[in-house]
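Taking the form predicted on its own, here's one chain by itself in structure tokens.
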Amino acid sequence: MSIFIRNYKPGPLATLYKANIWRLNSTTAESSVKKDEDEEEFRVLDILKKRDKQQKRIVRRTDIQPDRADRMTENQNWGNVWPGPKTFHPSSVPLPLRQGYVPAGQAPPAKKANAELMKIPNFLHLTPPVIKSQCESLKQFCTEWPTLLNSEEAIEKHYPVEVITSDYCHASPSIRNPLARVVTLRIKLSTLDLDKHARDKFIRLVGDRYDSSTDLVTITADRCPMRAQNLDYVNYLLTACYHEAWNVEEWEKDKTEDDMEYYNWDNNASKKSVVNWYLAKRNEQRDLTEDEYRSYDISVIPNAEGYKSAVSSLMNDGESEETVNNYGKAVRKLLGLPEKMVV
């Protein structure tokens, strides 16, 4: 085509086919440019040569830099190698650790490139020598144990409130356990400054949280998400119940013995009968007021305390073979009769 254009001479024929000739020339030029672009785009990529070079480079580095675990000595300070909690690193642990599920008859995966060892939190920083060195460092901030707290009775006397919490360690993506927020507070009811009315009201407020056999009040809180919040909540419950027990409502002042929830021997006719019997026995008969009957000290009457507890148990706990037998023994002791009646 280029030869035809080079030998071209203008004339009437050229004027007629000029447009077609130049269009053909232009199309040929565009196709040649497009062919050059296609040749540059589809070039062959040689991968094998680069891969061989990369493998040789890796082999050379492995030969030059040995594993750190192989260079670690036996008498080195482990606390400097693993000072705190961190993700498992195989080159820093000179132990042949294995972890992971495999079919029967095969060994678990080693520590190298083991994702199972990196999932869970490890405690490689809490080895016995490291803990011992940390305790030695903390001794300078500690005080000696008080010499007066040398028995359980002394501890209960000076520190009556007992708070119980639990910490958990388990294999999980999170080290938090929902049960760690639970807080339990225990205290003996006898350590609280309560009178007879306040004690009875406090027991009714706490309900089944009071154990009469051990005299312990147990309050447990788990509704808050954090342990500190539950600790504040149990302290609030104990304080609220204590102050509410001392409150005396107006309707409580109008209560009589028939309205009481329990039998109070000091306010009933049974005590009057015992006091009158004792005064008549000593020939000291006199008229006493209601307040004098209630405040009369029955410790001067032999076996009166046993009779009081037997009658109170019979009235409050109900009639049973045990309470009836105890009542019969207490009456015979009070009157000076033998334990078994001889017919």
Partner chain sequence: MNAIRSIWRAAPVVWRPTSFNCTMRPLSTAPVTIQKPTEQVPTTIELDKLYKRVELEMRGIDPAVLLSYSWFCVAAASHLGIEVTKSWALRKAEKERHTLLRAVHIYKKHRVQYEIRTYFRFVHLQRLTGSTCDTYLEYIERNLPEGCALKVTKIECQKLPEHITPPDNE
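No experiment lies behind these values; they were computed from the predicted model shown. Residue numbers count along the first chain shown, from 1.
One more form of this protein, predicted in complex with the partner chain, exists but is not displayed; see below.
- Here is the short version: of 91, 76, 229, 191, the single residue with a heavy atom within 4.5 Å of the partner chain in the predicted bound form is 191.
- Here is the short version: of 261, 252, 266, 162, the single residue with a heavy atom within 4.5 Å of the partner chain in the predicted bound form is 162.
- Stretch 147-155 is the contacting one of 218-226, 67-75, 98-106, 147-155, since its residues have non-hydrogen atoms within 4.5 Å of the partner chain in the predicted bound form.
- Annotation: in the predicted bound form, residues 298, 300 and 304 none come within 4.5 Å of the partner chain through any heavy atom.
- For residue 124, no non-hydrogen atom is located within 4.5 Å of the partner chain in the predicted bound form, even though that partner is not displayed.
- In the predicted bound form, residue 134 approaches the partner chain with a heavy atom inside 4.5 Å.
- The partner chain is not drawn, but in the predicted bound form it has a heavy atom within 4.5 Å of residue 239.
- With a 4.5 Å cutoff on heavy atoms, residue 175 does not count as touching the partner chain in the predicted bound form; it lies far away.
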